[in-house]
Ligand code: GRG
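Okay, here we've got a single chain as structure tokens, the form predicted alone, with questions on binding and movement later.
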Amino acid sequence: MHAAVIADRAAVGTLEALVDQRLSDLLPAADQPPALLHQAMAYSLLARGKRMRPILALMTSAHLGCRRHLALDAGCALEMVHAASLIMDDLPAMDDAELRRGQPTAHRRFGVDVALLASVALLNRAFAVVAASPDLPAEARIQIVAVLADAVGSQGLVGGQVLDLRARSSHMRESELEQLNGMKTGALFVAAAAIGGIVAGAPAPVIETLKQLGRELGLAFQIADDILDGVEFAHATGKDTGKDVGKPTLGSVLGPAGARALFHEHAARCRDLLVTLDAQDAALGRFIEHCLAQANL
């Protein structure tokens, strides 16, 4: 294996460990009352994950010349939002999933009532973490709060979930499915890249380019997830598979070959945007390639 590839994987592993430790530090102690709620928050947030979104924020801010790890707390807040959304997605009224990140879903472990409240608590904790970030100027904190709110709201995660539950039909076209994926999955990748730019004090045009990069990466990631949903064994993803059976996805609408082709289109757009950002040969570019390679498509 090429030495640079090994070094990049090691760097990602180091950042994953950094994020994991900081996430743990930012949570209330598991024995602090109400202990059951805090245990449920930690159970979902600290379960083993790739931490792609906070690492994207860290890598982006570093590429733009920001001092080391200044985006860490904001990136961890984004991971809290992500964990909250996963708890919600898994609930019986939503996807009714049994497995997430290789362990029973939060509602299976703690009950629907506690899982729901843990999701709300994580979401609120995320905004509190950003508001209290001591090393960020007030204007940056305000902008990041706005980015997180947009990512969660009716044009982001919540709106995407409504479309998934109510508007998804066998007649949905590719463009409509891409819109849904952009709201459900792309929104947090967009937020991650934007947060990195905001923390670094990047000008508006650069932040807009970063948002485009996040969107393309998120869309590619969701296509890979759709394809893996058909994998027979859950260990391939660490979560339930076959949950999209009967629902149109880009994998079912375009077929495996067509979905892979669209994945590579989004990957190519990521690379074009990296050139615009002069990041194709930098650590940020190598991290994007690492993320794309995880799909193994």
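When you see a residue number, it is the position in the sequence shown, counting from 1. Keep in mind that this is a model prediction, so the values were computed, not measured.
This protein has a second form, the form predicted in complex with the ligand, left out of what is shown; the following refers to that one.
Taken together, the three residues Arg53, Leu157 and Gln161 all come within 4.5 Å of the ligand in the model of the complex, as judged by their closest heavy atom. With a 4.5 Å cutoff on heavy atoms, Val81 counts as touching the ligand in the model of the complex. Using a 4.5 Å cutoff between non-hydrogen atoms, Glu178 does not count as a contact of the ligand in the model of the complex. In the model of the complex, Asp225 approaches the ligand with a heavy atom inside 4.5 Å. Within 4.5 Å of any heavy atom of the ligand in the model of the complex lies no heavy atom of Phe110. Stretch 45-53 is the answer when you ask which of 64-72, 23-31, 45-53, 261-269 has residues with heavy atoms within 4.5 Å of the ligand in the model of the complex. Between the ligand and the residues Arg125, Lys184, Arg141, Arg215, the one pair within 4.5 Å by heavy atoms in the model of the complex involves Lys184.
Site annotation in the model of the complex: the residue of Ala200, Leu86, Ala115, Met172 reaching within 4.5 Å of the ligand with a heavy atom is Leu86.
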